[in-house]
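Given as structure tokens, the chain that follows is alone and in the form predicted on its own.
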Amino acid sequence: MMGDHPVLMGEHALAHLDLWLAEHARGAQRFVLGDENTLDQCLPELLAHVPGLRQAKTIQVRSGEDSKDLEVCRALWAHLAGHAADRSTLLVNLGGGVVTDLGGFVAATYKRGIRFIHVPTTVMGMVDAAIGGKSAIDLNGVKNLVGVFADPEGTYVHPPFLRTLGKREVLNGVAEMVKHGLVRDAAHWNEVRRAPLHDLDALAPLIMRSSAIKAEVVMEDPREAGPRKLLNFGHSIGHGLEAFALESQQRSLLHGEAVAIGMVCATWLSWRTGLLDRDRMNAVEEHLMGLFPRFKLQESDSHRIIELMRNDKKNVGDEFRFTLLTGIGSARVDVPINAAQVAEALEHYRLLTPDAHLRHHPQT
């Protein structure tokens, strides 16, 4: 449980969803929101396990970050209104981080809030996006600029959906799992680091542990006043990079890929500010650089990335507020970092080659 709403994981999660529908949504109009991939690949399995959704109306949006847009929200609000959706209506969000973010925001704002449920279909959704009661859309190229705190009625995690994912989508969510270990649980970091990522059976219990870590942190600090800021590790620069990549059709970055680069930069800043020793910095850098392909940056790109970071909601005045590591499994929140330090961190990443940590730093 997280607050008053359940986070249910495992083989019986969807059966519990069907029971919930029978008990709490009898007579309510039901909609399932998904993208072209989830409605094609995951909806049939959802309906097989949840008969209570077989009469639900489906709503499709395009996959990808571009759907987290005000015009898409406008179309969804109009669609709900056109079907006479009232305050008792239920919206089931079937998808990854984009669908759960978008669906949660639309539901929380339509008629001042209708009920919604998350059924995440990606690693990213299961370990991060669908847990925590935060939903947002992008505005003017700024990631998650407009959003709300709104809890779903429940989050139902069905690991077999992961069979629909390619390697890149799996790794996208693994980035958040790495983050959970680095800021909260050293044992989890070590298990994720050694896990055979191609083996979903081996990955499933680690996904469940990551989901639990996210839920634990959120329960401690639902409104992000303190400890929940731990979960921002890698996200300040990561969100700037994600927005920067969206400006260029030639260079795409998934959220987890951007956060991974952000974690490399934040780990270097942790060392640079004296919070983290070099051996641990090397270990984190080596793992992340080995997991994700290099994103090519020019030296001049840092100026635009920093400009995009200016709208980050964690900023205070002209200073950025970072979460930085103090060890493996521990971190400090609200560390002031200036633009020059961000530029140095981006330059550090830009100049890294896949084996740079081996050439320039001692082995861990």
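Owing to the predicted nature of the structure, the values given are computational and were not obtained by experimental measurement. Quick note: we count residues from 1 along the sequence shown, nothing fancier. In this text, the rigid core denotes the largest set of C-alpha atoms whose superposition between the two forms falls within 1.5 Å.
The same protein also exists as the form predicted in complex with a small molecule; that form is not shown, yet it is the one meant from here on.
- Although the partner is absent here, residue 72 sits far enough away that none of its heavy atoms falls within 4.5 Å of the small molecule in the model of the complex.
- Although the partner is absent here, residue 312 is not a contact residue: none of its heavy atoms lies within 4.5 angstroms of the small molecule in the model of the complex.
- For residue 144, a non-hydrogen atom is located within 4.5 Å of the small molecule in the model of the complex, even though that partner is not displayed.
- None of the heavy atoms of residue 117 is located within 4.5 Å of the small molecule in the model of the complex.
- For the candidate spot formed by 68, 96 and 129, every residue has a non-hydrogen atom within 4.5 angstroms of the small molecule in the model of the complex.
- For the options 283, 245, 80, 165, the one in contact with the small molecule in the model of the complex, meaning a heavy atom within 4.5 Å, is 165.
- Among 270, 236, 210, 122, the residue placing a heavy atom within 4.5 Å of the small molecule in the model of the complex is 122.
- Heavy atoms within 4.5 Å of the small molecule in the model of the complex map, among the stretches 35 to 43, 48 to 56, 294 to 302, 322 to 330, onto 35 to 43 alone.
- Relative to the superposed rigid core, residue 214 undergoes a CA displacement smaller than 2 Å between this form and the one not shown.
- With the core superposed, residue 128 shows a C-alpha displacement below 2 Å between this form and the one not shown.
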